[in-house]
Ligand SMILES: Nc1ncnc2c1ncn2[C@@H]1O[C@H](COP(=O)(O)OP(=O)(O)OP(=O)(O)O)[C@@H](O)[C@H]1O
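What follows is a single chain, given as structure tokens, in the form predicted on its own.
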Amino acid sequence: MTHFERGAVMRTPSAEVRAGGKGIDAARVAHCLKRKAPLIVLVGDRDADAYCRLLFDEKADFRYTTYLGSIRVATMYVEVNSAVSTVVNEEGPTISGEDWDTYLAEIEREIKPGEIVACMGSFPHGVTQDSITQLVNLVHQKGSLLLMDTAPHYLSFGLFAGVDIVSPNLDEAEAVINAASEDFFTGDNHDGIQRAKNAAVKLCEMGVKVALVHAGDLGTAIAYKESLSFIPSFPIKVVSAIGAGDSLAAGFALKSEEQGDVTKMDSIDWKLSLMYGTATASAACEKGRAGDVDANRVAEIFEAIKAS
């Protein structure tokens, strides 16, 4: 549509239905780059067949477990000739402890030692501090690292449980640090570079090993031990920024794993991984579809970022 207006009746020139989710966006990046990224998804039994058909049609490498109910839906309105998008997320389901245990068992079968397990997106209701602690412990027992990119209160659960890598935006990071409400985020990036750096350092002080904090179109801060850097966004023509953070996290994880066993953390150039993540996010924003990237364009942007 040309413009989204509250209270108006509008028509869109086109519509597309895709299997959605931050983890799925990240897996799409890996697929475009000819890299493996198995998905473990938790889906409602009422519409699991239709959802899995969407993933199957994309040739996604996925496994799934189910809960009683319907799948959460997100509706995204992308304005024509504008970087402005409007996203409406449903509340989502409530799952049982048995559903969570079944899901964890499926994850356990897939994890390989020395890799990054990306836990991305909103958790369903019913997931507690104990649930997140189970997940973190499982990943660690399998000899891997856990990356979390989720809502602030679940991110706080992850911090308490010992999550290794976090990738929040600036609003989310400050909400975690200040134990603030997550009901309304303004996207205010005033003094965003310094705030992102401060937040990344603080998250590491709170126990995270590697902290990425995204300051919108300004770029991303990264902290690891005494190292602190900021990688600016790469200048591109943005078609849509929806899913940019998902694409960045995917590129970051892929480049980190490319360097070897990620549990040997001092041997990984985390800043280089962020540069590559920034390249994947930039390429995705040019395409305008979350997770879709052109491998040649990613390589081109990556080289330009390294040279800058």
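For clarity, a rigid core is taken as the largest C-alpha set superposing within 1.5 Å between two forms. Heads up: residue numbers just count along the shown sequence, starting at 1. It should be emphasised that the depicted structure is a prediction, and the values quoted were computed from it without experimental measurement.
The form predicted in complex with this ligand is left out here; the points below concern that form.
Consider Gly219 of the chain shown here, and say whether it contacts this ligand in the model of the complex, taking contact as heavy atoms within 4.5 Å.
So Gly219 counts as contacting this ligand.
Counting only non-hydrogen atoms and a 4.5 angstroms cut-off, does Ser273 reach this ligand in the model of the complex?
Answer no; every heavy atom of Ser273 is more than 4.5 Å from this ligand in the model of the complex.
is_contact(Ala27, this ligand) in the model of the complex, heavy atom dist at most 4.5 Å:
Close contact is absent here: in the model of the complex, Ala27 is far from this ligand, nothing within 4.5 Å, heavy atoms only.
When the contact criterion is heavy atoms within 4.5 Å, does Ala19 count as touching this ligand in the model of the complex?
No, Ala19 stays farther than 4.5 Å from this ligand in the model of the complex.
Residue stretch of 90-98, 153-161, 231-239, 198-206 approaching this ligand in the model of the complex, non-hydrogen atom distance within 4.5 Å
Going through the listed ranges, the match is 231-239.
Pick from Leu146, Ala215, Ile177, Ile71: which residue has any heavy atom within 4.5 angstroms of this ligand in the model of the complex?
The residue from Leu146, Ala215, Ile177, Ile71 that makes the contact is Ala215.
Heavy atom contacts to this ligand in the model of the complex at 4.5 Å, residues of 275-308 in sequence order
Result: Thr278, Ala281, Cys285.
Do you see a C-alpha shift of 2 Å or more at Met76 between this form and the one not shown, with the core held fixed?
Yes, Met76 moves 2 Å or more.
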